[in-house]
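Okay, so we've got the same protein chain twice, two forms, each given alone as structure tokens, structure 1 and structure 2.
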Structure 1
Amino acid sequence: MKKILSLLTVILTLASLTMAQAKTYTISVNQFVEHPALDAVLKGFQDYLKEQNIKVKYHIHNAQGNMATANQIAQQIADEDPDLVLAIATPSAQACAQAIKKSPKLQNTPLLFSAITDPVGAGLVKDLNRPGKNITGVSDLLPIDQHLKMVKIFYPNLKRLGVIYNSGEANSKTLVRLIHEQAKKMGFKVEEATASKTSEVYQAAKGLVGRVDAIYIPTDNTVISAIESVVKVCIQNKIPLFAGDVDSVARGAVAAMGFDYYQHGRQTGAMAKRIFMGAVPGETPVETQKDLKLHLNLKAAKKMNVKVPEEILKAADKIYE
């Protein structure tokens, strides 16, 4: 009996996959801003579905970091009448969730989010295991404890850590709260600097000069979009810069222990495939990415006068020289 049920499951799965591959789906994408990590999410998503022979027509939109534009895009998506909405980053997901709630045309359209730190705190879902409504996705909640332990390996006597973020981003507020909690356990203080738009990032970084031993940038879209400004301040003032995403290391941060956002996108693509095969979004648990990669930039370390510990050198998955 057990073998028959297993065989039936395989047959039904193959039938669902064949049906999914026979159709051309329309997917509307609302991405909040262009930067390497979020761009990698979209690329991974598209590559995965292409490799699975899922045919897709995309409507791709980018809000360029502007919340008003994200809302306009969400309203425009209603006219596109897609089979699925992909929202990359919290502001875009919140805008799409509101648009879907108000649009009778989109009431049954799945909303799949990606690169969201705190889906519950952002008001997208009530429960990570049973999201409800027609919404689910992949969260990139950072293991802040592991990130800060990495910083402490560089600086065992760290007293003050600077954090730059956009206080208007729900993602970032959650992460900064977690940083404060972890810093208290680890015995150092956190100095905050905020930037509500990319043009304010340079001044925010300058405001931390003389107040901190090192700077850490969480996965804040506003700051990451202008991370070169922070790198410039850190090099000028010999302040070590660490990041929450590995793509920022190639752009000038000393080190990061973070997610591979291309894989994050592929994981989101796998969820889209399951939804096309019949999975109910509201009953599909929100997923998180577990694998962390350690990236190190020796050139940036030298410019910021950072001595790289031997154990970091040995543990690094990728080294920029």
Structure 2
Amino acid sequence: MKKILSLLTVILTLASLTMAQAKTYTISVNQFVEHPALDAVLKGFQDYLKEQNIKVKYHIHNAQGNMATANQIAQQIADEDPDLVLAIATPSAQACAQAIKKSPKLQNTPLLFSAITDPVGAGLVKDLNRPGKNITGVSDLLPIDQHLKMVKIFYPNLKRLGVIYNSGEANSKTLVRLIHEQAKKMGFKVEEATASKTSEVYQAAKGLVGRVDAIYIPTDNTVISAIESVVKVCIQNKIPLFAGDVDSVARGAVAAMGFDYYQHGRQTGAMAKRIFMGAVPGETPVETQKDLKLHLNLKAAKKMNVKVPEEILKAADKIYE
């Protein structure tokens, strides 16, 4: 009896596996703009599903940064009658959410988003844990708490942290709000400096000299574009510089905990697989990036007079010497 049962289980598992593999799923992609990070998301997503032997037929669209086109793509997707819609970046996800609301044909199609900083603020989901409707996805919001904990390992006595950002970037505004909340919990002060153009970054960094013990740069496009000028100010004044993205470490920041968008796409792919296997999107919590990589620049640490704790040295995934 036991043997028959186990045989039956094996057959059933095999059957369900082949069933899952036999079906070819249709996925319509609405990506907002061609951009290395967003392209990597799509690549990671596709690679993951391929590795899982899930057959997918893709309809890939790119709005080339134009909202009107993103909207037209969203409407076109109704004709493709996909099993899942993947929206990459906020404007595309909003356009898709609206198209789903409008077209009866898309009413029951799951919408999966990726590379979205603030899904609640963007009106896509009501609650990160219970998204509701047929929408869920992976958010690229930085785990600010973990970033600041890392800074605290370097500087247990941190009193004043400088933050440079562009107040015109939605992403940065959200991050700075979180930095304030976290700083309150961890017991230090935040000094803000803003730059609306890359040419203003140097001035903003200089303005923090003497007012802060360390500087943290969130993933702000404007400031990151001109991070060399911040590095220069930090070296001259022996202020340690930390960043929210790992690429900035290669460019002269002491350390950062970041993720790459390829992994972000893979994580989104894993979510798509779970939905194909029967998970209900509206009850699948929105995820943030799981795998964080710690990058460390010892040369920069030396120039900025930073002592690197043993703990950090051991944990680092990549060290620039």
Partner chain sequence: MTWYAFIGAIEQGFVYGIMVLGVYLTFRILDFPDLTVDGSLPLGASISAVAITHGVNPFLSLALAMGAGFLAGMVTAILNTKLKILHLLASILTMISLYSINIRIMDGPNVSLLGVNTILDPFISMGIPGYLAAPIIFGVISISITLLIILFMYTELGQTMLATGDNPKMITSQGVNTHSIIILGVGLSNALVALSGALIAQNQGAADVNMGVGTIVAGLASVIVGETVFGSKSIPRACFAALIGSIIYRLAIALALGLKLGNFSFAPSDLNLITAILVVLSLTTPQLKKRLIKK
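On a predicted model such as this, the values are computed, not experimentally measured, just so you know. Residue numbering: structure 1 sequence, from 1.
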Report summary line: The form predicted on its own is shown as structure 1
Requested in this report: Pick out which of 140, 181, 69, 126 lies at the hinge where one rigid part swings against the other between structure 1 and structure 2.
Outcome: 140
Query raised in the report: Given a two-rigid-part description of the chain, what is the rotation angle of the smaller part between structure 1 and structure 2, in degrees?
Result: 36
